[in-house]
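Presented as structure tokens, the chain that follows is alone, the form predicted on its own.
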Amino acid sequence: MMRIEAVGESGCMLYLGDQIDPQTSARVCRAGELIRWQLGDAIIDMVPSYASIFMSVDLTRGGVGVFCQRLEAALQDLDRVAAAPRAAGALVRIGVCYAPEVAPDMEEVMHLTGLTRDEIVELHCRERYRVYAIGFSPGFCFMGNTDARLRVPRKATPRTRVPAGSVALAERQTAVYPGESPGGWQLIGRTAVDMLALCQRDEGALQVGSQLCFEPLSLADFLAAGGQV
């Protein structure tokens, strides 16, 4: 599937699927590389997401209609192009404390899943997660897919304040709140890692397509790393 639509007078949306899965995400990353390579001079900004890419077009290089035609031509061989190494990226390891003091929704997640605390931690740390999208707030990475046994709904009533570093579940995704904010995901732990800094560093910055995993930390190690209860 591939669909290109003009958005307003200076935007263009590329749709590459309708599923949240690693294959579609890899296709998004591959398309992004091709677009930067072939059409980079005509783009002001590009925002990849789960299955789409939004592009803000430089109108001095021609109208949106012309850009959409160039985009279609540039991507005609998309599915025959090998994945770019940058799309996979190095594995980023995030230490997480799952102690009750920083896991306010663990009991609810245990009730919803029928799993013990240890089983939830083991399943959460077992997977490698792919960054599907970055948004909601700067540095907030939507990652998946979690083990199907960890699938839980968002909270019926969102919190008005979620502490920075909170590690959370919603449906088959996981995330880390990079800063204090409102939020409706189920909180099962906390990290001392600065996710926004990881997204902003000069080399190896987190981006769509990056790979992460979580590693359990004791409460003492979490506090020693700068974490706060």
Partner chain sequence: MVFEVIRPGFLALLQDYGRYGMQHLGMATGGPLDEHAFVWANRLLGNHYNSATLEITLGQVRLRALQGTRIAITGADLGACINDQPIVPWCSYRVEAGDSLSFAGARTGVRAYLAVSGGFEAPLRYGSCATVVREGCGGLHGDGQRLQAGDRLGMRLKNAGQGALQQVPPRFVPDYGAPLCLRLLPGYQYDQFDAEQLERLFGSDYRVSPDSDRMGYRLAGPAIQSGLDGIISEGIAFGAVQIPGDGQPIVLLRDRQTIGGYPKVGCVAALDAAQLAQRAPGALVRFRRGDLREVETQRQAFNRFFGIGG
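Residue numbers count along the first chain shown, from 1. These numbers were taken from a predicted model, which means no experiment stands behind them.
Heads up, the form predicted together with the partner chain isn't pictured, but that's what we're talking about next.
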{"item": "Per-stretch contact check against the partner chain in the predicted complex, the hit in 196 to 204, 183 to 191, 164 to 172, 25 to 33 (non-hydrogen atom, 4.5 angstroms)", "value": "196 to 204"}
{"item": "Site test, Val47, Val64 and Gly139 vs the partner chain in the predicted complex, non-hydrogen atom cutoff 4.5 Å", "value": "yes"}
{"item": "The unique member of Pro153, Gly135, Gly114, Pro158 whose heavy atoms fall within 4.5 Å of the partner chain in the predicted complex", "value": "Gly135"}
{"item": "Contact label in the predicted complex: Gln19 to the partner chain, heavy atom within 4.5 Å", "value": "yes"}
{"item": "Heavy atom of Gly8 within 4.5 Å of the partner chain in the predicted complex", "value": "yes"}
{"item": "Contact of Cys213 with the partner chain in the predicted complex (heavy atom, 4.5 Å)", "value": "no"}
{"item": "Contact flag, Leu219 vs the partner chain in the predicted complex, heavy atom cut 4.5 Å", "value": "no"}
